[in-house]
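The data below hold one chain only, encoded as structure tokens and taken in the form predicted alone.
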């Protein structure tokens, strides 16, 4: 399975992956076992193997589906008919929304994917590269237009996304700041800091 041919999950597989996301996110992929997952689902470990032959298979399914969601939700914004500032702002806001939408999967998208076995690890790395390059291209466009400062676009991309990626560690719907307030603060700090004369 690649990002281009992801199919629809059966309800049972979806249930298993949802439980695996929570377990891998809270306990860490390496520390989590198939026995732990079976216990969380109240089934026997052997039942898991009839759906997924290995823990790596589950990690791959979660990671690649998460990558597909990020790609489909965020990347089209880079090509919209809008100013470079508006496009980058929308991309960062969409990235934030994807993290909040599925915090458990986001933890895997950012960290746990590194435990994938080859060739899956390399394939997932390519999908991350495509995603990150879209941000780099928009930043470079802003530099070329004289709107953004003369900065290293790749370093800037990592700085912007890293700042937002931490949200999945601390965001709570019942917290003191609403999602809209968090969006606005990120926009002022991150986008504002890139602009010439700001």
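Keep in mind the model is a prediction, meaning the values are calculated, not measured. Positions refer to the first chain, counted from 1.
In what follows, reference is made to the form predicted in complex with the DNA, a form of this protein that is not presented.
- Contact between residue 67 and the DNA in the predicted complex is not found at the 4.5 Å heavy atom cutoff.
- The closest heavy atom approach of residue 146 to the DNA in the predicted complex falls outside 4.5 Å.
- Residue contact check for residue 155: none of its heavy atoms lie within 4.5 Å of the DNA in the predicted complex.
- Interface membership of residue 139, defined by any non-hydrogen atom within 4.5 Å of the DNA in the predicted complex, is ruled out.
- The stretch that touches the DNA in the predicted complex, counting heavy atoms within 4.5 Å, is 48 to 56, out of 130 to 138, 48 to 56, 168 to 176, 146 to 154.
- Contacts to the DNA in the predicted complex (heavy atom within 4.5 Å) from stretch 21 to 35: 32, 33, 34, 35.
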